[in-house]
Every structure is written in C-alpha cells, then in structure tokens.
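Read the single chain below, which is given as structure tokens and is the form predicted on its own.
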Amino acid sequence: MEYLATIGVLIAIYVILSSSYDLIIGYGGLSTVAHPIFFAIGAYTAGLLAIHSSLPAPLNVILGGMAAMVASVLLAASALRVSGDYLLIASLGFQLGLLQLIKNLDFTGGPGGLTAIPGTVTGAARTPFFLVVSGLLAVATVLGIRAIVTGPYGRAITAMRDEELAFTALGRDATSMKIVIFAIGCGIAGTAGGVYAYYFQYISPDQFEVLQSAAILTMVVLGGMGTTFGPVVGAILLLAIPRAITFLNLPPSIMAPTQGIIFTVLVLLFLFLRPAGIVGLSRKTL
C-alpha cells in the first residue's frame, strides 16, 4: 500500500504540473519547454527554507510558488514579446542556464543535489498525509484553471491565442495577458515543486532536465491539449503504465526497453489516430 500511495502522490504532483503547463501551452498558445525549471525553483526554494529557516512548511511551499512566479515574470518580460521559435529557444536557454547555475552552487548541493530536507510528518501517517494534500492541490489546480478558462477572461485568452492581431487591434494588450498566463502556470508548478521537495526530502538537478519537459508535454498532448481533464488523464496514463509493468517482474534488461517501446507506440498512435488527444475532441474547453 505504501508503494501505491507513493504513486498516487506522484500522479497528483504531475496532474498539477501538466494542468498548469496546459494553461500556458494549450490555452495560452505559448511555445515554451521551461516548465520543469519553475518546478525546480519551487522545490529548491522550499527545500532551502526548510533547512535554513524555522518557517512553517505551508509557508515555504507558498514562497516556492512565489519564487517561481517572480522568475517567470523576469523571463516573460523579455521572451514573451516574441513568439514561436524565438520563445521556444529563449525558454530552453533559460532552463539549461539555470540548471547549470544550480549545479555549480554550493548551497544548492551542486550536482549531487539537496539532501536532508526536514520532513513535516513522520511515521505511518506520512505518505497518506501527503497523498491527501497533493490530491487536494491537484483538484484545486484543475478546478481553478477551469474557472479561469471558462469565464470572460478565458474567452479573452482564446481570442488572443487564435487571433492575436485582431485581439490587439481591438485595443487589448496581448503581451500583458501572456505574462499573466505564464506567471500563473509557473507559480502553480513552483508550488508543486515545494510539495515534491517535502515529500521526497531530496532533489537534484537531474530531475528537472529537458527529459522532464518532454514527459510533461507528452502528458498534455496524449490527454488533450487545451482541455480541462486531458492533462489529468495523460498524467495518470503515463505514470501508471510504467509502474504496472514492474508488477510483471521482468528482467531490467527487458523492462526498460519495453517501457520505451510502449511510450513511443502510444505517441505515434495518438499522433496519427487521435491528434487531439484522449479527451480533446476539439480546441473547446471540456
């Protein structure tokens, strides 16, 4: 049961990550791959505060989200004035550069990572506690994003995404809206990072590399980009399948290639047979 509960915590965290990323790339139409670095900023901020301060854990997690939000605004203030490939390159450069900085700073633990993060709950109740907390945060994230994209502001986001020139011609500020969307999504990712740091009590730069970007993007695309529940389905699917394979007791030399083949086949099948994803029938909000 401990193993299954840990998978549940991971799924909840990745539901938060994929949903917040979908707000940026699916609803906002912003081409960025830097989402894991804001996850990392939240995790490192909360972890360092837990080690070096006596602040309560909920406040550290919130401060981690705020740190990620501030960093996203700094990136967005320049990068979001451009679009397409330029924004993609800027976000990738920001992610790789910040990861190199983390790897070369002593107080972040360097390439070995940040260890001995104090726990908030100990004993048998620890994993169930984090399962409830992360689950509630995941539900709040999904419902909060749904509230944003289905209201008047959501219609403005859709108009900006689909027809930016016409949106600007009506006197609306597309750049400001992009910055707000980007900041909200990255702030949520930072909050997820804080929960991740407190639960696993260890974080390293390798956990936030470009491969993580590909994983989160795959969750969004397979589930259905620009939908409320698509990222939820994608996160559950991509995290549950590898764990389910472990119960087959296959040799490691067979298990790893099998997981890779399954993911590759899934991506190819959905690209050709259902490009809108499992949940996405169109770009409408579901």
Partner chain sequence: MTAVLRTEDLCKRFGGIVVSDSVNLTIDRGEILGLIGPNGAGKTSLFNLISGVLRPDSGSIYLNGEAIDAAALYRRARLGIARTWQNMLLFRTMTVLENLLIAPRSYPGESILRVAFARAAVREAERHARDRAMTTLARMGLEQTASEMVVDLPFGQQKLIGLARTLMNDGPVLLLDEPMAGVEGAAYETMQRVVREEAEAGRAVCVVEHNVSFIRDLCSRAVFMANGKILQDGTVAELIASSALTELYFGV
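Residue numbers count along the first chain shown, from 1. Note that the structure is a prediction, hence the values are computed from the model and not measured.
Form predicted in complex with the partner chain: not shown, discussed below.
Comparing 153-161, 86-94, 190-198, 203-211 against the partner chain in the predicted complex, the single stretch with non-hydrogen atoms within 4.5 angstroms of it is 153-161. Checked against the partner chain in the predicted complex, the residues Ala215, Val133, Ala183, Ile148 give one hit for a heavy atom within 4.5 Å, which is Ile148.
The listed set Val139, Ala166, Leu101, Leu74 contains one residue whose heavy atoms approach the partner chain in the predicted complex to within 4.5 Å, identified as Ala166. The closest heavy atom approach of Gly123 to the partner chain in the predicted complex falls outside 4.5 Å. Met177 belongs to the set of residues with a heavy atom inside 4.5 Å of the partner chain in the predicted complex.
For Leu170, a non-hydrogen atom is located within 4.5 Å of the partner chain in the predicted complex, even though that partner is not displayed.
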